[in-house]
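Heads up, the chain below is alone and in the form predicted on its own; it's given as structure tokens.
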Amino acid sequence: MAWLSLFLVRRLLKAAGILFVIVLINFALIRAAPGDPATVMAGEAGAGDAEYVERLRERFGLNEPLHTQMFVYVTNVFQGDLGFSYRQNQPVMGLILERLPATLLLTVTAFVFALAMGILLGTLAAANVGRWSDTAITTLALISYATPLFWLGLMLILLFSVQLGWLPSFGYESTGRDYEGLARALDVGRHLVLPVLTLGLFYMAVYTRLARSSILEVHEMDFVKTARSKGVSERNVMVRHILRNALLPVITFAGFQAGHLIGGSILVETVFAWPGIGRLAFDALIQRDYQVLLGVFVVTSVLVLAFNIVTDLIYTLIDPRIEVS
């Protein structure tokens, strides 16, 4: 497994370089933000005299030269210090870690749902190409792709929460119930259904169309015809020859889209009042809490880099030729 260790080392080094650039962009965004942070903090504290502002500048290192501030910021970020939220009066890292599990639960569940259903529906559509089931699946994919996320979320709330009363419309879990164990897990699962459907249906449509077209393309290749001529069963032809090759572009696109799910969750978390980092970023934007916004930017960038590395590892499992190369 020496190739795997070398691969991970190379990818981690590249990821560290990309993260360094992202942190520099973060610093540039902080400096480009309008106004003096010390003046803003003094105004929020109700004390705008020059002496107090100067003490704030000295306390937070704002009176240091620009290159010194940049060095301190980059060093702090790579040590896990993303700054301090003056609005929340808490460290940014603590705020993000408090909200991150809810976002990961939502995005990972939506990603698995979208990928599994997309591959399943794409395979069914390709296996029944030209029939009514193919038309129905393709139409469903087109509608899901064209529907705005916020509108879909609101319609699901109206149908399943307001009209039918089957599912809760907002929040992470029921307030005031104090569920524990399995009961709490089921309660969180009920709250998770509508946000997952809202976030996952759009990406499911993309994977469905991509899987269908990729399977149809591989279906006509020579090695598939050769396998059939040797008497290989249709099931083995589909699983061992067609799907294994047709899924490569789907996995590539899924790995690219996995990071985008974090960004898409901002809208979904806002609609469903889901307490994740997407909602945290939206609230920070309204409150002009720039440190929290930049901290969310760094954390989501790390997640995107991690998703890309995992995608490359999955690639080696599906296509052994990548290991040889």
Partner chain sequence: MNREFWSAFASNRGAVIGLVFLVLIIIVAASAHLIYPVSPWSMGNPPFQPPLAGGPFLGTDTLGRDVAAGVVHGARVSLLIGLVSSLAALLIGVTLGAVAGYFGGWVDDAIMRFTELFQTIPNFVLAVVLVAIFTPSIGSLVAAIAIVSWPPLARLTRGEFLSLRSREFVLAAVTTGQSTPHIILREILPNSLSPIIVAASLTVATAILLESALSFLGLGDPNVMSWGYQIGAARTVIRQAWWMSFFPGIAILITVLAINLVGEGLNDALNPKLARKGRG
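Numbering follows the first chain given and starts at 1. Note that the structure is a prediction, hence the values are computed from the model and not measured.
Beyond what is shown, the protein has a form predicted together with its partner chain; the following relates to that form.
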Inset, instruction - Spot the stretch among 103-111, 140-148, 117-125, 67-75 with residues whose non-hydrogen atoms come within 4.5 Å of its partner chain in the predicted complex. - result: 140-148
Inset, instruction - Assess the spot marked by 8, 131 and 252: is its partner chain within 4.5 Å of a heavy atom from every one of these residues in the predicted complex? - result: no
Inset, instruction - Spell out, yes or no, whether the shortest heavy atom distance between residue 169 and its partner chain in the predicted complex is within 4.5 Å. - result: yes
Inset, instruction - Check whether residue 190 has any heavy atom within 4.5 Å of a heavy atom of its partner chain in the predicted complex, and answer yes or no. - result: no
Legend entry - Any non-hydrogen atom of residue 158 within 4.5 angstroms of its partner chain in the predicted complex: yes
Legend entry - Close approach of residue 314 to its partner chain in the predicted complex, 4.5 Å, heavy atom: no
Inset, instruction - Scan 10-26 and note down the residues that get a heavy atom within 4.5 Å of its partner chain in the predicted complex; none is a fine answer too. - result: 14, 18, 21, 22, 25
